[in-house]
Structures are given as structure tokens and as C-alpha cells.
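One chain follows as C-alpha cells, the form predicted on its own.
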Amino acid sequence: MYLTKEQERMLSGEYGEVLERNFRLLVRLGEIYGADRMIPVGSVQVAGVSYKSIGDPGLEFLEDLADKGARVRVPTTLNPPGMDLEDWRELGFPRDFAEKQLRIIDAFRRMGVAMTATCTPYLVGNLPRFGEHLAWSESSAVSFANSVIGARTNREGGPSALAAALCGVTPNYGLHLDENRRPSVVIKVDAELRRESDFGALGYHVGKTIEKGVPYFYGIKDADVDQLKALGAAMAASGAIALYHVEGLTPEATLVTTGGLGTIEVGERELREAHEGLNTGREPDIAILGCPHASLAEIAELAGKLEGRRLRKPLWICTARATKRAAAEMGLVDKIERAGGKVVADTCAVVAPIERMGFKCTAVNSGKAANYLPGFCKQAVVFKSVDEILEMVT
């Protein structure tokens, strides 16, 4: 692998132990995947933030880096932690969990990481340009950046993303290269995608069916940004799909060809079976929306649906704190709270310790959440559209 003079000095330890150790990790990663060189990254998105996910070993690792003066070199945003960082007491998060979580957040803050605490960094200021190289680690954000924006990033692990943030570069392999962004299979959709949950069910089915590769979708007549976000998030959760193309909708769809590829057809039957497969519960204890984090448009839609209604069960809509502030200024948070709901910032159902908070069955409209909650949070899942969920909790 070719290294610049500065990179050689980094590797030899001239810039200190922290950079040497982290750059060595990137070099080894590049050697494993046959990278020819390192490439600068425009931004980094770091995962491995929730204490639930990384535990005491992760906490100690991050505090050691911060104590040794580690500082990020490029704009770096943070994935969701395991709780609302401001309102965790009111929401009932365990105190022992909160104490460890706040130490993790402090370590990242000392390293210069932006406290975005969201899986949708592109909605709160970290919006890359078409073709820009990144080192992002949150699977749904990776899918969105590659597919909907046309930026370029592999699905980084927490340590490799943080190493890229500290060193400012990432190995040139995988989805950074043109040849690996070409479609590998055609998905012909012959089903009406009526509700937002249908996009999650479609993504769940495709990810589970093909597991990896680059699908090219025909037959999706229209989809907004939030629906594409849901589609990619579910594929990344049930499979390892980090890039997809949709005819007429995504920016690289016109730059690739699909001749000679195999075709998988998805009709109403497959969509129905995906919905059924994601439903493992009957009566929810709580409804949690916003996985990936809700956009301002989604919060506004929910506020409108809740007007004049009263919730009889807890409802959270998870979002970034910056988005919550904007929603509050528009009066949307008040509307949701008047109905008995909560706009929960920073965290989400998947990385929060909801199983310790008395919840055993969770209603969601997210294919990603429905896929992860049984294993990560010991939850039975009710997977429905927003309208169907509201009928169950009001």
C-alpha cells in the first residue's frame, strides 16, 4: 500500500502513540481488503456509543483515548447513545446505566466529536456531497449516504470509524471504488407500497433474501426521503446491504447498467409474508417511532394525527436533539405532549435498555427496529403502520 510521507511518520509513531495505534489499524484493514492507498475523508460518523452496546470495556477504551489527548481531524458526528441525555430521569432510564453513558459521552466530547447523537447525521448538518468519501459506521446512515446522496463509504466498525476520524483518512477499497458500486441483482417490485411500513417490510425481505450485494429496484413508482431511509435501514439490518439503486429516484441509477443480472420478483404475497414475519407480539406496552431518527416532516405528520386524541399507552418518537428543538419552535412537541406522547431526543429503541424499564412488547413502524428488538431488547414486536399503531395506543 502506498503511504505518503506524513502517513509514514504517523505509522512510525512520530505523532504519538494514539495516532500510531489508530493508523496501524487502518493500514491492517487496507491490507486485508487490498487497498492501494489511503484517501482523505470529508466526515466521519462514529457508532459504538450506547453503554448497552459497548459496556465497560468500550467505556475504558474511549476514556483511555481521551485521557491521552486524542482529537479528531475531520468533522465527526455521533451515533445515538442509550438514553435521552437531558430527560433520562423523567423518562425512567436506570441511574446506573445513565452514569456510565454520560462518561462515554464525555470521552467523545473531549475528543472533539460533535454531540449530534443521531443515526441520521445528514438531517442535522453532516450532509455530504455527491461522490464525497466518508467513513461512516451506522448501517442506516451508510445506506442513505451511498444510495440516496451518492457519497461513498464502507460500513465501518466503531473502532475503524474512530481511527479514520483521528487520522483523517480511510483505506481505498470496497464502496469507494466504481466497480463495487455496480448492481449485482435486479429487484422487480410488483406491489403497491401504500404505507411507510411497506418500505420497511420490502427492505427486510430483500436484505434477508440476498444478504449482501447491490440491489437495483424496478417498479418503485415514487418514494420520499423518509421512505427511502426506511427501505435502506431495513435492508442493512436484515442483510448487509450498504448501497442500493432505485430506477428514476437515486442519483447513480442512471450511471449503472443491469444487463445480464438475475432478477428477484417481489409481489403482494412476499410483502405480506414480510409483515407477518416481523410481527411477534399482539398487545404493545409502548409504541416507539423514529428508527432511523424521525425527520421534522415525520414529527409534523405525527403531531397532526394526534390532534384531538389521547394516548392510553406510552408513545415515543425518537429524533435528534436539533430536530426536537426545531419541532418545539413549531409547536409540534407541545401537540404531541398534549396527547400524552413524548419526543425523545438522542436515543432509540434499539440501543436503549427498554427491557430494564418494564417494557416487554413494543409497537414500531420500522423494519429495522422490528428486526433488531427481539434479540437486542428481548421484545415481542407489533409491526404496523403509524395509523394502525395509533389505533392500538389511543
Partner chain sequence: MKGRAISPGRASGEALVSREPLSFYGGVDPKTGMVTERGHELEGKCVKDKILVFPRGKGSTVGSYVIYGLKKNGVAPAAIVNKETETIVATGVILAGIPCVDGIDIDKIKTGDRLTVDGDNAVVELG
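Source: prediction; values computed, not measured. Positions refer to the first chain, counted from 1.
The same protein also exists as the form predicted in complex with its partner chain; that form is not shown, yet it is the one meant from here on.
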Going by a heavy atom distance of 4.5 Å, is G58 a contact of its partner chain in the model of the complex? yes
Contact test in the model of the complex: R24 vs its partner chain, heavy atoms, 4.5 Å: yes
Mark I54 yes when one of its heavy atoms lies within 4.5 Å of a heavy atom of its partner chain in the model of the complex, and no otherwise. yes
With the cut-off set at 4.5 Å between non-hydrogen atoms, does D64 touch its partner chain in the model of the complex? yes
Pick from 156-164, 293-301, 70-78, 131-139: which stretch has non-hydrogen atoms within 4.5 Å of its partner chain in the model of the complex? 156-164
The single option of A345, L29, A339, V333 touching its partner chain in the model of the complex, heavy atom within 4.5 Å: L29
